[in-house]
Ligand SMILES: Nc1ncnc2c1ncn2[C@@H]1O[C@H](COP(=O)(O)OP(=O)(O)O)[C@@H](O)[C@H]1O
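For reference, the chain that follows is the form predicted on its own, supplied as structure tokens.
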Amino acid sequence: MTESLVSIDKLVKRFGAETAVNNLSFEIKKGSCTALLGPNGAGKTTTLRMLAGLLHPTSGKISFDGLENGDNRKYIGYLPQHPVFYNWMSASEFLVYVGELAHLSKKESQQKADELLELVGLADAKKKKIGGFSGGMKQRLGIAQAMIHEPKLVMLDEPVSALDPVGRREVIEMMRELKKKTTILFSTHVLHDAEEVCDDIVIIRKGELALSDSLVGLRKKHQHDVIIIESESNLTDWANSLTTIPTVQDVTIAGTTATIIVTELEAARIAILQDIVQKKVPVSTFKIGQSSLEDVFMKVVRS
């Protein structure tokens, strides 16, 4: 069994009368990549800031590598959702500056800066001013600064949410490389990104734990066969009538698209196609697949 690096037990954070995090408990395994999922306002950033030592919990325990409620900042690298840089500095200068803040010598800082700029794909831009960097380049530099002191845990708060598709792909690939070197916790509401790189999933809703499992376990327990039907007209009335078919488990309708969760795929496919022909439903697309992590997420946050 994989050893736990961080154990969070009944964590609570209140801001006056508002409870941002409520009785939250989960674990982060050593060497894993854990995705902290939740809609905006769920308490993801507040949780990360408590783990990073930037906020004190109202109550509850944070155990880091077996030690409870200590100062763990030297073991943690943190990239906030909106990182701030000194635009007049070069990438190399910034990393050396951050390294010295982390109590590395200037020589050690320069060595680590060179290694990390190579790792994050910025070696050719190390002398360029940060003010001229793209969003993806800044995020990669932010990951490098989070790694400068060789932390046991790297935490990334919404690392791809503000990026264009190219920048998002750059950072996702960067996280794949990072997984080989350290433990990662990253928050996101982009479910596809979580599926690409994470090992474990933690979903929170209104500051409370909604679900915690490995990605493999989650798929095994919650993944279902799905039939997706698109039409030229509104499908609401017809799709709702499909619940009378024994193999149809659930129907979700969004205007001209119906997503149907089924138990016996072949039997359901035949029954639904027969119903389409009999009722002359103007179908434009008939697709068969499996429910995604996004389907699980939407089910959990709506319940």
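Heads up: residue numbers just count along the shown sequence, starting at 1. Because the structure is predicted, anything quoted here is derived from the model rather than measured.
In what follows, reference is made to the form predicted in complex with this ligand, a form of this protein that is not presented.
- Listed stretches are 244 to 252, 33 to 41, 257 to 265, 270 to 278; the contact stretch with this ligand in the model of the complex is 33 to 41, by a heavy atom cutoff of 4.5 Å.
- Although the partner is absent here, residue 20 sits close enough that one of its heavy atoms falls within 4.5 Å of this ligand in the model of the complex.
- Heavy atoms of residue 236 never reach within 4.5 Å of this ligand in the model of the complex, leaving it off the interface.
- Although the partner is absent here, residue 63 sits far enough away that none of its heavy atoms falls within 4.5 Å of this ligand in the model of the complex.
- With a 4.5 Å cutoff on heavy atoms, residue 58 does not count as touching this ligand in the model of the complex; it lies far away.
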